[in-house]
Each structure stands twice: as structure tokens, then as C-alpha cells.
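Below: one protein chain in two forms, given as C-alpha cells, structure 1 then structure 2.
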Structure 1
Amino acid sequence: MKKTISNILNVFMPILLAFLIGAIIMIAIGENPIEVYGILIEKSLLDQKGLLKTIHTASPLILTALAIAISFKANIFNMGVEGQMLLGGFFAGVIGFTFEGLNPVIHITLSIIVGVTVGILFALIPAILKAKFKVNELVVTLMLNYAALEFVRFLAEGPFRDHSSGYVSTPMISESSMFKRLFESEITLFTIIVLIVFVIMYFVFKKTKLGYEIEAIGKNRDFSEATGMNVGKKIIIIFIISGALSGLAGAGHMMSDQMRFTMSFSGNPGLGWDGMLISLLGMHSPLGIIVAAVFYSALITGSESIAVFTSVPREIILIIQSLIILFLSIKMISKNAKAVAILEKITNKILRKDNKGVKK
């Protein structure tokens, strides 16, 4: 019980503290934080259209967060989710605009396969460097992100440029490769695919041999090697899954939201980095990731409303997001803290009441 309470506190305290600092910044520039936060919540969660948009925005983020989670859980720092997502999205887009008049099912499937494959192939570079040559994956993936960005910039500016567009952009993908909207909202079939992938990943994490081995590798690599888990092979598998999820995220983002590649395809700070925050916020557990992803997307959709309805720059949300990561990096409250003990008492009381109620 104590552990659960301190875990919950350790997620909520950073969020509260970050919003508090955000509020102080707003007051400092002469704005009313209550009004701003009010708009933020109202437009992203309380309004039906906003809520559906939030869920739509959350879809690729759930995938990038899972991509981060599977590697971070194994203590492998795949910072390359951003790059893998970018390349996956770009090449899914290339398939999207190259073919026309295909059967939508075939076209969409083909685009997704290409996106996922590209993501995997790009993830295999750091994977093999790590598994075979023990090259630090953290630094390599950070470098490769920049290389990937420059590479797609080159392709978008040169060979695949849409010259009818006034800025750097690839052509729009064909109708047949677009995910159709559902329920007259922004939600598409992609969100359903994400949910299916999520369920699969939940099982991988919680119920399979691979999930068990990932946990062991993350917690003690020497132990894992000594008990025959073949860490090198597992590192490659982890990168493949991570790359596939990233590639799928990119492809889905392309085909359900962006429809063409521009230099702001991934947003700021980028779907991969957003995924990292979500994964941290969800403590690398699948269920936590779902909740965190919706919360985080609410911040994104809400920040657009902030820009429309107030004079606070939407970058305030970026500040709040990075503060949340900063505060999440430490344990704010130990499970032996007094506050935890008090809360435990209160929860026990409430639970006991409930139990009695059920019995009667």
C-alpha cells in the first residue's frame, strides 16, 4: 500500500509542481494562470470535439512511448525513436504519394509495411553496433537522429519536393493511402490499430518470456547473461521492436494527420521526445503509458487553444513538459515519508467503509 501511494504521489507531485512554476511564469508576464489552465482543460478534455482530438493526437505518442519503454525497461537508451519515426513516416509518405488509385486496403497496408520496415532497418544500425561492437547506443542514436533529419530534409528539398508548394514539402499522399475519419471526428482507424498494438505490447511486457527477460536485463545485465538470456541477441530484438513501433508511429502520423512531409512533421520537441516523457510519466508500464499519453496530448491540444484564446505563448506548455521530466527524474517522496503514512491511513479508512458497504 505504502509503495502504491508513494508511486502515485511521485507522479502527481512533479505535475503539480511543474504547473505551479508555469503559473508563476505566467503571473510574471502579467497573465492569469487560472484562466489559461481553465482553457487548457476545457478545450482538450471537457469538450467532446477536443477530447476526440486529444485521443487522435495521443495515438502515435502511445507508440513512440512504447518504443521508448521497451528499451528503457531493458536499460538500453534508444534515443533514436525520433529518427526512426521520422524515416518511417517519410517513406510511408513516399509510398502514399507515389501510387495512385490502388485499393485503399492494399495501399494503406503497403505504406505501413514500408514505414515499419524503414523504422526497423534504421534501428538495426545502433542495435548491431551495440550488440557486436559494444558501441554506446545512447550517443550513436543521438547522432543518427541528426543524420536522419538531414537526410529527410535533403529528400524533401530535392528529389521528392512538391514544387507547387511554397515551402519545403513532399506531395500530398493519395486519397487511397489516407486513414478515413471515424464518427465525424479527427479519430481514424489508426487509433484502433494503435489500441490493438497496445494490447499486444501489454502482453509482451507482462506475460511473456521476452517481457521477463527484458525486465531482468534492465535490472541486472550480468545476472541475465550468467543465467543464459543471451543479452546481445535480446538487445537486437528490443531495437527491432522499438524501431517497428517508431516506424508505425511515423507512418500512422503521416497517413492520419499530416498527409505530407514538411520540416515540422514531428512538431516540437518531436514525437519521439514526447514519447520519452510519456513513457517516464507512465513509469514505463503499458497502462501508465495510456493514461500519460492522454494527459500529454491534452496538453498539446490545449496549448493550441491557449495560443488562440490568450496571449500566453504556447511554449509555456513546453516549459511545463520539460519541468515534469526534470521533477520525474527523482523520487520526491520516499515510501517512508510521513505524508505517505497519513494518506495510507485515510485510504484504509475509505476502503474499509466501502468494504462494509459491499457486505451490507
Structure 2
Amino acid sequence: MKKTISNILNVFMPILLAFLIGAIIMIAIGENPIEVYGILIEKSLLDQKGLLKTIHTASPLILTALAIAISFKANIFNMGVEGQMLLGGFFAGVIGFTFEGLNPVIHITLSIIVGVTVGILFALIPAILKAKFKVNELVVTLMLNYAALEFVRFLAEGPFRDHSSGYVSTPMISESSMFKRLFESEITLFTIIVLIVFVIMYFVFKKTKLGYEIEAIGKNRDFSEATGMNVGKKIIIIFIISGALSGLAGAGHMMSDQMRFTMSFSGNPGLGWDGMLISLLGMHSPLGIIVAAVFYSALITGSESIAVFTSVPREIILIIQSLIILFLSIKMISKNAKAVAILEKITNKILRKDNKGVKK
């Protein structure tokens, strides 16, 4: 019980401190923070349309957070979720606009399979390097993110560019590959798929031998090997699952929200980076991730209403997000130097800073 209470406090304290500082900023510009936060909550969680939009926004974030959680639980740092998601979304889009006249079930299924497969293949690069050659996965996956970004930029600006759009983008995917809206809202079948995947991952984490092995590797890799566990094989399996979840997130985001690939496809700082923060807030637990993803998405949805109904700019949400990361990093600094490096990367992405010269 004491450990549970401590974990809850460790999560909520950074959030409360971030909101407190955000309130101070609002007071400084002449706004009532209670009213501003009230609008944020009302428009994102208490209003039916806003709630459904929040759930829609949370859908790909749940997947990227689960992709992070399964690797972090094993004390393996797959920092390449953003790149795996980008590639999965891009090539799902290629399938979407290349084929026309297909049965929607076949077209959607094919697009998802391609997105997931691409995510897995890209994740296998650091997996094999880590499992077979002991190469540091943190560095490899970080660098591969930039390789993935430049690769899709080249394809979007060159072979697959839609010149009629007036900006850098691929063609719109065919209607047969789009997830249809449900309940006259932004919710689509993709959200249902995400919930099914969540249930499966919850079962994997809590009820399977693999879930136990992942936790054992995370606590003591050497002991796990000494007991006869093939840790190298498990590392590859973990990366495959993580890559599949990332690729599915990208494919679903393409087919339910973006409908074409642009250089702002993943948003700022990116679905992969957001997934890391959500996984950390959820303590790498499936149930915690659901709650953290809805909370984070509510911030995004509510920020639009804040800008409309008050004089507070929507960028206040970026400040709050960055402060949460800052306080999380302070909490973890004495526990895990690698985790601090990860949080630093996420913060730099959110603040759009160049990481060169930044001292840990």
C-alpha cells in the first residue's frame, strides 16, 4: 500500500507543480487560472463532442506509449518509436493512395499490415545490433529516428509528391482505405482496434510468461541469463512487438486522421515522443497508460478552447508539458541516468531546441 501511494504521488506531484506554475503565468497575464483550467476540463472531458475528440486524439498515443512501455520494462530503451511510427504511417499511406476500387475491408487490412510490417522491420535493426553485438540501443534508435525522418522527407518531396496540393505532401489516400467516422464524431474504427490491442497487451504484461520474462530482464538481465533465459531472443521479440505497435499507430493515424503524409504528420513534438511522456506518467503500466493518454489528449483538445475563450495562448499547454517532463526528470535523476537522458531528449523536442551542446 505504501509503495502504491508513493508511486501515485510520484506521478501526480510533477503534474500539480506544472499546473501551479502554469497558474502563476496566467495570473501574470491577467487571467483567472481556475476559469482557464475549468474551460480546459469542460471542453475536453465534460462536453460530449470534446470527450470523443479527446479519445480520438488519445488512440495513437496509447499505442506509442505501449510500444515504449514494453521496452522500458525490460530496461531496454527503444527510442526509435517516432521513426517506426513515421515509416509505418507513410507506407500505409502509400498503399492507401496507390490502389483504388478495392473492397474497403481488404484495403484497410492491407494498409495496416504494411504499416505494422514496416514498423517491425525498422525496429529489427537496433534489435539485432543489441542482441547479437551488444550495441547501445539508445544511441542507435535515436539516430535512426533522424534517418527515418529524412527518408520520408525525400519520398514526400520526390517520388510520391502530390504537386497539385501546393505544399509538400503525398496524394490523399483512397476513400476505401479510410476509417469511417462513428457516432457523428471524430471517433473511428481505429479507436476500437486500439482498445482491442490494449486488452491484448494488458494480458501480455500481466498474465503471460513473456510478461514475466520482460519484467525479470528489466530487474536483472545477468540473473535472467544465468537461469537459462535466452535474453538475446527476448530482446528481439520485445523490439518486434514495440515496432508493430509503433507501425500500427502510424497507420491508424494516417487512415483515421491525416489522410495524407505531410511533414507535420506526427505533430509537435511527435506521437513517438508524446508516447514516451505518457508511458512515464503511466509508470509503464497498461492501465496507467490509458489514464495518462486521456489526460494528455485532454490537454491538447482543451488548449484549442483556451485560445478561443480566454486571452491565454494555447502554447501554455506546451509550457505545462515541458514542466511535467522537467519535474519527472528531477524525480528520476538519482534513479536512472539513462532515463534522464531520455527525458532531456523529449524536452528538447517539445521546446524545439537543438540538443548540441546541452549538458546532462
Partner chain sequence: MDLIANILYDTIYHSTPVILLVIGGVYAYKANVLNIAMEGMLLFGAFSSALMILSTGSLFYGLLFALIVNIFIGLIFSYFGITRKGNVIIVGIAINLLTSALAAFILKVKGMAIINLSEQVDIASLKVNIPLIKDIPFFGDVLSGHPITTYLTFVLIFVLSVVMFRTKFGTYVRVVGENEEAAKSIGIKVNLIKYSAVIVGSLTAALAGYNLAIERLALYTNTMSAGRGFIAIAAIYCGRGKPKLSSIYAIIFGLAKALAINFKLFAGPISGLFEAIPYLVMVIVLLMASYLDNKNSWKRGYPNE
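The first residue in the sequence of structure 1 is number 1, and each one after it adds one. Predicted, not measured: the structure shown is a model, and the values here were computed from it. Note that the rigid core is defined as the largest set of C-alphas that superpose within 1.5 Å between two forms.
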Structure number of the form predicted in complex with the partner chain: 1
Relative rotation of the two rigid parts between structures 1 and 2, taken as the smaller one's turn in degrees: 13
Asn32: CA movement between structures 1 and 2 [superposed on rigid core, Å]: 4.4
Rigid core superposed, the C-alpha shift at Ile316 between structures 1 and 2 in Å: 2.3
